[in-house]
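The chain below stands alone and is given in structure tokens; this is the form predicted alone.
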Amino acid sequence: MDSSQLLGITTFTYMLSTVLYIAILVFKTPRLGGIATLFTALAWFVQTAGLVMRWIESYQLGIGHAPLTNMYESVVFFAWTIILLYLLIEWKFKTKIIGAFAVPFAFLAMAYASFSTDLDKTINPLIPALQSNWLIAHVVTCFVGYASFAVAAALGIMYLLKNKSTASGNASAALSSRFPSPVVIDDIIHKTMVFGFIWLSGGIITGAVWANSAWGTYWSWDPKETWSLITWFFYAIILHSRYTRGWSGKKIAVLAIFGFLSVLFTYYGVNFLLSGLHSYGSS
């Protein structure tokens, strides 16, 4: 069994996990919670094996490198990180209903990686700019940050649904009654964004050091660098406003969603829509 098969199994298992988590939410069947978590954890371990196998396959081709060097591999790693963070949050806060909002993000990422014709799934030699010991440090720090912001956005959607149903008292109130309280959701959003901000900061720093090694300058206002900085400032303003002005609740939930849109453009849009030093990420 090769890496492609393992990652294909991961995609369909994440789909099953998504269905199970949504079933917990819609049909109020908490006994499915353990099954959903089990399938999610198993899929994550299979995905881990797939990434390791792809790493081994690159060495078998004589071009050994970590499976983090093109858009296909980064999307797979993005999904892997989202699930890791979600499982940690589920374990920490003892609530499985968040999976109905967070796990679909990982499934969609894997579905895109598996079925998109835009992504090159072959293992290719590293271009000179990527031949650096900073590769793993930079990619891992960035994607832990990206995944944290994805989970924060999922929680933001959850908060808005909870807030809307509570305020209107409509039929959806019964559905959202299974959510954690708004205070708990808001607290997790905040902690997740702080965690992501720290890691994104690390990603920008390691990227600057790597850029100096590869191109002789720490900062060149490449579109990727520029949008990374925009995203960093966006979350910095959110967190600063929470500490100084007490922003919370609906405002933070909405900003968590818009912040993730900025993350998506920084990660995906720049590679495909703008040309620059980071355009190799699409190949």
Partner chain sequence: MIIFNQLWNFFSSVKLAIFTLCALAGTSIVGTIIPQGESTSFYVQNFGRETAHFFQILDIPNMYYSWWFLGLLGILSTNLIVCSLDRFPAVWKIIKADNLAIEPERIEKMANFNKWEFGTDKLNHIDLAQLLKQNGWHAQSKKIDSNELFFCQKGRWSRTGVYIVHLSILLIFTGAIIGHIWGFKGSVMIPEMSSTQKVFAFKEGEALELGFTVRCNSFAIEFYNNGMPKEYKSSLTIIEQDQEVLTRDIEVNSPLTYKGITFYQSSYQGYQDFILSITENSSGESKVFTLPFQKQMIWEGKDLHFGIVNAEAVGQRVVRAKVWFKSGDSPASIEWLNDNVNTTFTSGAKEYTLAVKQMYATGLQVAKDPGVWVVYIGCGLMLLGLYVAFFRSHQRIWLFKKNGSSTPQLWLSGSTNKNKMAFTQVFEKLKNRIEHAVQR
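Residue numbers count along the first chain shown, from 1. No experiment lies behind these values; they were computed from the predicted model shown.
Same protein, other form: the form predicted together with the partner chain, not shown, and the subject of what follows.
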Fill in the blank from the handout: Residue within 4.5 Å of the partner chain in the model of the complex by heavy atom, from S177, T122, Q131, S116, is Q131
Completion exercise
From T48, S248, T29, S241: within 4.5 Å of the partner chain in the model of the complex by heavy atoms is S241
Handout entry: V52, heavy atom within 4.5 angstroms of the partner chain in the model of the complex
Key = no
Handout entry: Proximity of V254 to the partner chain in the model of the complex, heavy atoms at 4.5 Å
Key = no
Practice task
Report yes if any heavy atom of P223 sits within 4.5 Å of a heavy atom of the partner chain in the model of the complex; otherwise report no.
Solution key: yes
Practice task
Evaluate T217 for contact with the partner chain in the model of the complex, applying a 4.5 angstroms cut-off between non-hydrogen atoms, and reply yes or no.
Solution key: yes
Exercise for the section: Look at the stretches 148-156, 94-102, 186-194, 67-75 and give the one with heavy atoms within 4.5 Å of the partner chain in the model of the complex. Expected result: 186-194
Practice task
Verify the flagged residues G202, V209 and A236 against the partner chain in the model of the complex: is each one within 4.5 Å by a non-hydrogen atom?
Solution key: yes
